[in-house]
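Only one chain is given next, in structure tokens, and it is the form predicted on its own.
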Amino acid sequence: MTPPHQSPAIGSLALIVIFVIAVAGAFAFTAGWLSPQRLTPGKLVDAFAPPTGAALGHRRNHAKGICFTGVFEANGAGSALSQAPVLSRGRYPVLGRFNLGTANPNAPDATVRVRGLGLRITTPGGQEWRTAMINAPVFPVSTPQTFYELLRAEGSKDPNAIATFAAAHPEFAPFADWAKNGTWTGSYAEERYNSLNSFIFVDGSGAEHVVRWSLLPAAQTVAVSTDELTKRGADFLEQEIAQRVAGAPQRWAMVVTVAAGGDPTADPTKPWPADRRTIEVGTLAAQQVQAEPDGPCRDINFDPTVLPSGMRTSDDPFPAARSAAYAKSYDLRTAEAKDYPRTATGARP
């Protein structure tokens, strides 16, 4: 039925126009066009840029890295927490990336405190588990908005900007203490990597378990001073891991920690008590290292919201924010492919 004096064609057209306007409005809201003060993926990504500008053609953060391939050997114990195929006993191919938490792809390794590891684990049915972890035991801030404020403080010309930020955000203190006093190592292979964000595993009965996970290195951790690391050269981490993996695969045990009632699940600045239930669900083996410019990880987003069945995001706001920022960064760097460093022959170095 149509309103009086209105033809069916006109009524249909009006509905289409209303629908288009509604969709456009939704996109405008999402992009922040209707609320200029709202944090958007573009604002967050732009805040990573150093004073000299973004490194064109590169990731906007964790810009320095090296690819690896290998396997994830699931032992089947994870099936008690999740019906995800990737946790069923078996061997699954892995594409990964060791990296540094910096927007500068040429940063000397000894100047960057945060080291990261990105993974894409694929099952025969085509499902994927992507995750991006760092070596810090806690995240510096509790919300994406506060993270943006931290980035703005780091890029500020005010020499007291970080101190002012820290005074206003006491949750920053544990991360700052780790950054100042935590152990430095001389190898990506000696680092423990942590998801920090919480996720939900759903088991075969439909029961839900809120979890975080970590990769614990099989290699012995050896403390090294920053002065010694500086002497090893600007790119010692990539050189060392390539040599180490060429000698033998490097391994990490994947351990899943299960939250108990009352544990903070939406705040990555707060660790869970040490007595929480943990399950070793498998082993990651890095088997071959390849330079990033021609490597298989260059154009992969290690988006933490790409999850197999049996896993989903929790009330932690960071995975969604990271996913949106990663997508924006990907769009930018692919559009800047011509600016990516090349050799004199025109090939990627």
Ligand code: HEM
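Just count from 1 along the sequence shown to find any residue number. Remember, it's a predicted structure, so these values are computed and weren't measured experimentally.
The protein also exists as the form predicted together with protoporphyrin IX containing FE (HEM); that form is not presented, and the subsequent description refers to it.
- With the partner omitted here, the stretch from 215 to 223, 171 to 179, 254 to 262, 127 to 135 that lies within 4.5 Å of protoporphyrin IX containing FE (HEM) by heavy atoms in the model of the complex is 127 to 135.
- Remark: Arg192 does not count among the residues lining protoporphyrin IX containing FE (HEM) in the model of the complex, judged by a heavy atom distance of 4.5 Å or less.
- Taking the partner from elsewhere, Asn99 is found to have a heavy atom lying within 4.5 Å of protoporphyrin IX containing FE (HEM) in the model of the complex.
- By the criterion of a heavy atom within 4.5 Å, Leu196 is counted among the residues contacting protoporphyrin IX containing FE (HEM) in the model of the complex.
- Taking the partner from the other structure, protoporphyrin IX containing FE (HEM) in the model of the complex has a heavy atom within 4.5 Å of a heavy atom of Pro144.
- The partner is absent here, but in the model of the complex a heavy atom of Val45, alone among Val45, Val289, Ala285, Met311, sits within 4.5 Å of protoporphyrin IX containing FE (HEM).
- Interface residues of 292 to 328, taken as those with a heavy atom within 4.5 Å of protoporphyrin IX containing FE (HEM) in the model of the complex (partner not displayed): Ile300, Asn301, Phe302, Phe318, Ala321, Arg322, Ala325, Tyr326, in sequence order.
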